[in-house]
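Here we start with a single chain on its own, the form predicted alone, put down as structure tokens.
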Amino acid sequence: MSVLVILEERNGKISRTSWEAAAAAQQLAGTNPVIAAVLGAQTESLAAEAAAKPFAKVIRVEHALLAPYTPDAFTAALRQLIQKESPTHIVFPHTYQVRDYAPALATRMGQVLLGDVIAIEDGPVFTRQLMQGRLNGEYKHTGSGPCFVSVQAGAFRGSDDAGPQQTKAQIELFRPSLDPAQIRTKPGEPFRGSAQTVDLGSAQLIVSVGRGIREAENLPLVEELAKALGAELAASRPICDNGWLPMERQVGSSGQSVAPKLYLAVGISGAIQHLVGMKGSQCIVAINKDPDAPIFEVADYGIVGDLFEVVPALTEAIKAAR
């Protein structure tokens, strides 16, 4: 019995969300082996990067038709790999690319995809969120075939550090049988955000501001704190809806999902739509004058006080410490 995790490339390296999927796969596998797969026309560097992690082995799924990405090629190649390896579970990061091909892959193998999973419990039982995080649904796989799962960004804590592993994982080459006639889609240019787009998902330190800031003229107070910390500035939805900060800085169900080492929430009450976007943060610090604010239920540290008094004092303390 083994678990197969599909790692996704981003800018020539394995993506952060792929490491989160790997963490989910390790939790799911327990003492069973975890196998990693990388796909492309040339996969040596990706496989070498993955081999530093505690995988039983890393498989290079390599074929000229796997670059550039097409859903037809990825579906056909992974179907062959799964038939060869016979894993009990296949884990993906819940990315736009995975959402494009993984449902078709699962369907071709007579299964369904449990998408956007946020937790895995013994059983295994998979938890997904419904109605923008207001409800949780629990699912179990009851079929005889492999179980397909994609995990929500930020739900599991992955790391791109190699960790304590002393030896490299074994690397195998797998060449699927693909024919150009199978590729029904013609790929265009990959989507790229504008140069101004902020990738909060890769930020290690985030200072996020909510409606407690009262008005746009008070934002420099929080911006100064973020600058002192060397952190990215983010916001809850009301701030972006009002146009005080660009939409690219919004965190939450309708914004970006983040999992930084530190998430400092300033004047954010903690509506569920915001919490689903930042609950995977390693350390959450909340500043709010309302002691009953929902944000304190998920915070590791809470400061009950007026942000207009706390934030300047915190900023000065950080500057002095540095």
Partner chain sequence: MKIIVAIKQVPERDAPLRIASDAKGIEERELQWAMNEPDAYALEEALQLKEKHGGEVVIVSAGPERVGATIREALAKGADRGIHIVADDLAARDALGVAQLLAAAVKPESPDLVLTGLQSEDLGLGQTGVILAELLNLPHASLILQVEISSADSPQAQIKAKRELEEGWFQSIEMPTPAVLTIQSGGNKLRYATLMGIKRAKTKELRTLDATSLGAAAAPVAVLDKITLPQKKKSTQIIPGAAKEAAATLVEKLKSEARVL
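This is a predicted model, so every value here is computed, not measured. So that the term is clear: the rigid core is the largest set of C-alpha atoms that superpose within 1.5 Å between two forms. Residue numbers count along the first chain shown, from 1.
A second form of this protein, the form predicted in complex with the partner chain, is not displayed here; the remarks below concern that form.
Of the residues 180, 220, 123, 110, just one reaches the partner chain in the predicted bound form with a heavy atom at 4.5 Å or closer; this is 110. Checked against the partner chain in the predicted bound form, the residues 136, 86, 170, 167 give one hit for a heavy atom within 4.5 Å, which is 136. The partner is not drawn, yet in the predicted bound form one stretch among 40-48, 55-63, 276-284, 26-34 has residues with heavy atoms inside 4.5 Å of the partner chain: 276-284. Of the heavy atoms in residue 14, none are within 4.5 Å of the partner chain in the predicted bound form. With a 4.5 Å cutoff on heavy atoms, residue 233 does not count as touching the partner chain in the predicted bound form; it lies far away. Within 4.5 Å of any heavy atom of the partner chain in the predicted bound form lies no heavy atom of residue 198. Using a 4.5 Å cutoff between non-hydrogen atoms, residue 249 does not count as a contact of the partner chain in the predicted bound form. Although the partner chain is not shown here, in the predicted bound form the stretch 85-108 places heavy atoms of 95, 96, 97, 99, 100, 103, 104, 107, 108 within 4.5 Å of it, in sequence order. A movement of the C-alpha atom of residue 107 falling short of 2 angstroms is seen between this form and the one not shown when the two forms are aligned on their rigid core. Here residue 23 does not count as shifted, since its C-alpha moves by less than 2 Å between this form and the one not shown after the core is aligned.
Residue 79: CA moves less than 2 Å between this form and the one not shown after rigid-core fitting. Note on residue 120 and residue 283: their C-alpha atoms are more widely spaced in the predicted bound form, a change of at least 3 Å from this conformation.
Compared with the form shown, the residue 250-residue 153 C-alpha separation increases in the predicted bound form, the change being 3 Å or greater.
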